[in-house]
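The chain below stands alone, shown as structure tokens; this is the form predicted alone.
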């Protein structure tokens, strides 16, 4: 695996590279990230990943500073799992960067209480896309809103990039894999698995999907000690509230804090 430790180093060599599939990360890698590398292997392109903790997408400085880092282990994992190139940008990536304003859809779900978060995500991805010029990019669907916004951003800006979404990878308990899981106490890690339990129970009762069912599951998490940011049923294209399971698929999405750790998850309910 070739490692580029600065933007200038990558720029000096990128013209020699073949077509690329890009898996952007913020490091502290786990099996969810590696599943995206495995997904990239299904295509003919060489695989490039990046590790960069993007300060532009953090609303709180403290959250940015405590984001877990494990660079040596990350490099080893990427190399062992067949990644061909790794870009480790220096802070010059922010030089003269074009600030992107995300669409109004970014103000729903995670964007409600994280103003500017998706502006920061799209701002850095726009820089990466222009720098790397990938043929394919791969994102996990655990952060479904991010996947949707990036997909629309690519189309709106006429990037010649195909986007692929990877399914959420879970621990045996059902907890969606996340770098933030490392910050959970043993007790809270057990409690966190109840998010997926609540989502599954909605799926099992989807023929009776209504606001009361969603509210009951939100209250269930609150009683367990979660500070629930949102728990909602929405149209997977518009993110507008919807219970019309007989007309289309419905996204059930949740974000909640346990202590200082913010967790997100979702499931897609198939149309009845």
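Residue numbers count along the first chain shown, from 1. As the structure is a computational prediction, the values presented were derived from the model and not from experiment.
The next section is about a form of this same protein that is not shown, the form predicted together with a small molecule.
Just one listed stretch, out of 170 to 178, 86 to 94, 194 to 202, 99 to 107, contacts the small molecule in the predicted bound form at the 4.5 Å heavy atom level, and that stretch is 170 to 178.
Within 4.5 Å of the small molecule in the predicted bound form, a heavy atom is found for not a single one of 11, 127 and 133. Although the partner is absent here, residue 143 is a contact residue: one of its heavy atoms lies within 4.5 angstroms of the small molecule in the predicted bound form. Looking at residue 217, you'd find every heavy atom of it more than 4.5 angstroms from the small molecule in the predicted bound form. In the predicted bound form, none of the heavy atoms of residue 153 sits within 4.5 Å of a heavy atom of the small molecule. Although the partner is absent here, residue 47 lies well away from the small molecule in the predicted bound form, with no heavy atom inside 4.5 Å.
Residue-level contacts in the predicted bound form: of 26, 234, 56, 245, one residue has a heavy atom within 4.5 Å of the small molecule, and it is 26.
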